[in-house]
Structures are given as C-alpha cells and as structure tokens.
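Just the one chain here, the form predicted alone, laid out as structure tokens.
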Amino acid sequence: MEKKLAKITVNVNEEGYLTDFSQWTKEVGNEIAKEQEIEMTNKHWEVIAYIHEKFKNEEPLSIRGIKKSGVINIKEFYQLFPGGPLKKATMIAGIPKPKSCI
C-alpha cells in the first residue's frame, strides 16, 4: 500500500507503519507527526534517535525500556506522544510497531 506524504510517497502497512525503513527521512517523520497532530521539537527528535538506535541494534522496544533509557521520563514521553506514545513514536520513527504494542 502506498501513502503520499507531502511530496513524498512511501510504502506503509494497513496501520500506517512504513514497510521499508530505507524510505524514512526526517521529512517523512515530520509528515507522519503532522498526521498524528504532533509538532516535533528537539526532545521529540532525541526520542526518535533513541528508537532508531534500538531498532538498528535489533533491541526490542517497550515503555519500560523507554523509562530506563535516560533520554526521557515516562510522564514526558506520554506528553510528547499523547494517545499511545510507543505506537506514535515508532510510527514517526519509521520502524515496525513493537510487539509490546497491541
């Protein structure tokens, strides 16, 4: 399935997650964030960088892992990505939905 974001077309699954990480750019991340009604700040990008690092190292992501990351506390994580922070953050990061997300 293809999805057009601004001037970019990317491949996504039925839930809207990118199916090809190589298509991810910061611009793509920004467009996905806009769709999720999130205005990205430096703190958001710090979290995305942490998520990318975990993904590249093939380490599983979880809320507990984010809490222990030292990058952000859990309360702030929920404030930055309201309504399903791990789902929204990973979608913006362009990686598959974590198995810990329902």
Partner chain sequence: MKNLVILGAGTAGTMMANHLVSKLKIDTWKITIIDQYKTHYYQPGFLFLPFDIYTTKQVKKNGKKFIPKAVTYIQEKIEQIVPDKNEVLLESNKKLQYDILIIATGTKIAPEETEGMKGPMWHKNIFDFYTYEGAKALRNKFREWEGGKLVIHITEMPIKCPVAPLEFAFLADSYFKNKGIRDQVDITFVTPLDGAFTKPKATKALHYLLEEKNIKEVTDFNIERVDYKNHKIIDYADTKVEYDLLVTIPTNMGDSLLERSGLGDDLNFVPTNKATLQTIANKNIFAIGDCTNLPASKAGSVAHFEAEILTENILRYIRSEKLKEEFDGHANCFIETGNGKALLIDFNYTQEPVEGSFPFPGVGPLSLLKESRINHMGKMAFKWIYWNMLIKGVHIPFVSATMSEKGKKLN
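Residue numbers count along the first chain shown, from 1. Note that the coordinates shown come from a computational prediction; the quantities given were computed from them, not determined experimentally.
Here the subject shifts to the form predicted together with the partner chain, a form of this protein not shown in this document.
Site annotation in the model of the complex: the residue of 67, 52, 34, 44 reaching within 4.5 Å of the partner chain with a heavy atom is 67. In the model of the complex, the partner chain stays beyond 4.5 Å of every heavy atom belonging to residue 20. Using a 4.5 angstroms limit between non-hydrogen atoms, residue 30 is distant from the partner chain in the model of the complex.
Though the partner is left out of this view, residue 75 does reach within 4.5 Å of the partner chain in the model of the complex, counting heavy atoms only. In the model of the complex, the partner chain stays beyond 4.5 Å of every heavy atom belonging to residue 4. Along 43-64, these residues reach a heavy atom to within 4.5 Å of the partner chain in the model of the complex: 58, 60, 62, 63, 64.
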